[in-house]
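Just one chain follows, in the form predicted alone, and it is written as C-alpha cells.
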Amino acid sequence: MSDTITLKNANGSGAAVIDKTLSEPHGAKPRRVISGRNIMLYGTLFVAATYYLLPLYVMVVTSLKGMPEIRLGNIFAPPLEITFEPWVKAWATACTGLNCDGLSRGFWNSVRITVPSTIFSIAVASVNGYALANWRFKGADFFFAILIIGAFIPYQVMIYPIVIVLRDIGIYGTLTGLILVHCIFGMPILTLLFRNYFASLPVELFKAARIDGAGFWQIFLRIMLPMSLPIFVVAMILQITGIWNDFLFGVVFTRPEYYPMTVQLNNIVNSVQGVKEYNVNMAATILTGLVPLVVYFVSGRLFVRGIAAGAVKG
C-alpha cells in the first residue's frame, strides 16, 4: 500500500504529492484525566488512605483538647483551644497503680530492651545467614529447616518452658532474660532474611575471594558486610518494631519495675480511677508508637530495597 497521497487542482492539473504519515495524527494517544480507570484507581487509594489516617487524626486532635471540650462529643472537630497538658501528664505524671511517673520509666525500659536485643540478634543472624548461603557445611539444610520451623511456632506454646529455663538459670523477671527471649524468637526470620540476601549476591565474588586466600571472617567482614546495608536496615526495622511493640513477653518475663512502654500504656489506659481522661490516653498511645514510626520514616527507602533484594532469589 502506498504511503503517499496525490492532490490535484479542481481542473485536474498541478498535482501535489504529500506523505500520508504527515497527513494523519501520530504520536502517543492523549489520555483523559477523568476516566473510569482513574476514578477507580484514585478512589481506592483515597479510601485506603482515609482508613488509616482517620484514627490517627482523631487521636491527635483528641490529645490536644481539654476534657470540657472532649465532653461535647464531637471527636472529629479540631481543638478550639490547643493544650499540651495531656502530653506532659502522659509522659511524666500519669498513674499506673502505685506509680505516678507516666510513660517515662517504660520508655527507658523499652530502650534498654530494644537496643541490645536488636544488635545481638542481627549480629548472630547475619553470620547464620552467611554460613548457610555460602558455606555448605554438613547438615546445613537440616539446621536451616529447624530455623524455618521455629519461625512458625506460636509464642504461647513456648512460654512456659522458657519461664522454667529462665527461672533455673536465675534471670527470670530481669531485663537480661527478656533480651534473651527477644533474641531467640527473632533469630529464625532474621536468619532467613540474611540467608536469602547473601544467596542473591554474585557467587563469583565469593569464589574470587576464596582463590585469593580469604577465609570465613575475611570474606564476611570485608566483602559481604559492605554490600549488605539494605538487608541490615530491613532486619533492624523488623526487630525494633517487633520488640518495641511487644506486650506479651514484657508482661510474662519481667517485673513491674522493668515493664516496657506498651505494658505501661496498657496500665495507664485500663487502671485509671475516677474520670477517664481520653486526651491523656490518646497522647500516651501516640508517644508509645512514635519510635517505630520515626524509624520507618527515616529508613523507609532502604527497607523497600532490602525486601526486594532478599525476595529475588531464595
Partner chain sequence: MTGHAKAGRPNQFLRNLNSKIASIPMILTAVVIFLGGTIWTVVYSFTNSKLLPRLSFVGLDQYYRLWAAPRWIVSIENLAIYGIFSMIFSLVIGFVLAALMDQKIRFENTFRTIFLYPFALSFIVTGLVWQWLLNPEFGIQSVVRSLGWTTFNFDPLYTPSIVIYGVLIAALWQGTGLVMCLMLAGLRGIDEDIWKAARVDGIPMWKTYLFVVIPMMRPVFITTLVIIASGIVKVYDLVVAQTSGGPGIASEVPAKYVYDYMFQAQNLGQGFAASTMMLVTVAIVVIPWAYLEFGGGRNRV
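Residue numbers count along the first chain shown, from 1. Predicted model, so just to flag it, every value in this text is computed and none were measured. Basically, rigid core = biggest C-alpha set you can superpose within 1.5 Å across the two forms.
Separately, the form predicted together with its partner chain exists; it is not shown, and the next lines address it.
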- Message: Is it the case in the model of the complex that Ala49, Ala131 and Phe303 each bring at least one heavy atom within 4.5 Å of its partner chain?
- Response: yes
- Which of 110-118, 80-88, 225-233, 135-143 lies within 4.5 Å of its partner chain in the model of the complex, heavy atoms considered? The stretch 135-143
- Task: With heavy atoms only and a cut-off of 4.5 Å, decide whether Thr44 touches its partner chain in the model of the complex.
- Result: yes
- Message: Considering non-hydrogen atoms and a 4.5 Å limit, does its partner chain approach Ile39 in the model of the complex?
- Response: no
- Message: Is Thr93 near its partner chain? Define near as a heavy atom within 4.5 Å, in the model of the complex.
- Response: no
- Message: Taking any heavy atom pair closer than or equal to 4.5 Å as contact, tell me whether Asn99 reaches its partner chain in the model of the complex.
- Response: no
- Task: Name the residue from Val163, Leu201, Leu175, Ala209 that puts a heavy atom within 4.5 Å of its partner chain in the model of the complex.
- Result: Val163
- Would you give me the residues of 151-170 that have any heavy atom within 4.5 Å of its partner chain in the model of the complex, in order from first to last? Ala151, Phe152, Ile153, Pro154, Tyr155, Gln156, Val157, Met158, Ile159, Tyr160, Pro161, Ile162, Val163, Ile164
- Item | Post core alignment: Val298 C-alpha displaced by 2 Å or more between the shown form and the other one | yes
- Message: So that I can tell if Tyr42 moves, could you say whether its C-alpha shifts by at least 2 Å between the shown form and the other one after the core superposition?
- Response: yes
